[in-house]
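Presented as structure tokens, the chain that follows is alone, the form predicted alone.
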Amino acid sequence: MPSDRRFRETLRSFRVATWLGWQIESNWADPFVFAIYSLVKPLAGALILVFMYAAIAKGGVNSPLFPAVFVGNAMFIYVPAVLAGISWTIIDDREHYGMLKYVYTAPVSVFAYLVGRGVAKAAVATVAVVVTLLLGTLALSVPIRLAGIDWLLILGALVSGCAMLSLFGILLGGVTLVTARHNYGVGEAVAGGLYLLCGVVFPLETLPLWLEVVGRGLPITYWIEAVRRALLGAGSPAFNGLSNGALLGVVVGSTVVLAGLAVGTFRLAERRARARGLLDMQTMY
């Protein structure tokens, strides 16, 4: 197939999948109810964090750690939305709608289709992130100022970070493709582990040493740190030795490496699923 034709088909697959994902995300309620849900859910999550810090942390929301924790928690909304959302697409299309086998027989790019479905979830997550950050800025004195934002760093971090999360989702999608039982919790379980290990709600140095080492080896840790620096002007003292460019370089480099790993794993799982007849499997579980 000529490269220009392949590109057009990939772009069409992505566009249609994004539209389909948005319809699935938003068609369970009328627009007003959906808008309320999209606003209330992130606000509830942010308030839980506020109450936790008010009850446990010394100084509560006035703790010097709170702004970094708040921003990290807000940005982490993208992780389950994109990472778990893309892997959930396999379950959704295979077992809920019985459509995955038709996706594979249609002239579409499977990777573009999965990423497009993830973009729809990322769009909903973006609303949640913006609402959460506005709450922090307006009501909790989180020091985010438009004039102080490093726009180049935040743009680079968001683009490379969302690409990285999409590739993680494709990797988990491959696992889900060949998993017969308990596949419903794969994405959420991984996202929960990352919430603990990536320094989202407390500094990495408070973890046991071996978990701190694991956390420092995860690219999402550096992505969250880059966003904190872009929005707040400062991040965790644990990363003071890394420049903004180094943080972004880790994220971009990890994304490139992850691309090969994710595509290779998914293709391997795909061949196994075809051989075992798993593309139209119904676990009823």
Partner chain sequence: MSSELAIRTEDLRRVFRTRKREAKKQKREVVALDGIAFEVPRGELFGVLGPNGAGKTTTIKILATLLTPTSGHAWVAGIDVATDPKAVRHHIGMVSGGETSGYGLLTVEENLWMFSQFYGMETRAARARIRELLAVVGLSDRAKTKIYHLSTGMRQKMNFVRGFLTEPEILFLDEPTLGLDVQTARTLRGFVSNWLREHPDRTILLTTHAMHEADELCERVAIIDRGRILACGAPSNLKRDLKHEDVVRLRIGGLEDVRPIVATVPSVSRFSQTAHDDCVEVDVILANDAVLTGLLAAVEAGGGTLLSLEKRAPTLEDVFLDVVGHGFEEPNGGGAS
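Not measured: the values here are computed from a predicted model. Residue numbers count along the first chain shown, from 1.
Form predicted together with its partner chain: not shown, discussed below.
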Exercise. Of the residues Leu209, Ala139, Ala189, Ala106, which one places a heavy atom within 4.5 Å of its partner chain in the predicted bound form?
Worked result: Ala106
Exercise. Tell me which of 112-120, 166-174, 149-157, 195-203 has residues with heavy atoms within 4.5 angstroms of its partner chain in the predicted bound form?
Worked result: 112-120
For this session: Using the partner position in the predicted bound form, report whether Met99 sits within 4.5 Å of its partner chain, counting heavy atoms only.
Result: yes
Problem set entry | Any non-hydrogen atom of Gly277 within 4.5 angstroms of its partner chain in the predicted bound form | yes
Exercise. With the cut-off set at 4.5 Å between non-hydrogen atoms, does Val263 touch its partner chain in the predicted bound form?
Worked result: no
Exercise. Given that the partner is absent here, does Asn62 sit within 4.5 Å of its partner chain in the predicted bound form, heavy atoms only?
Worked result: no
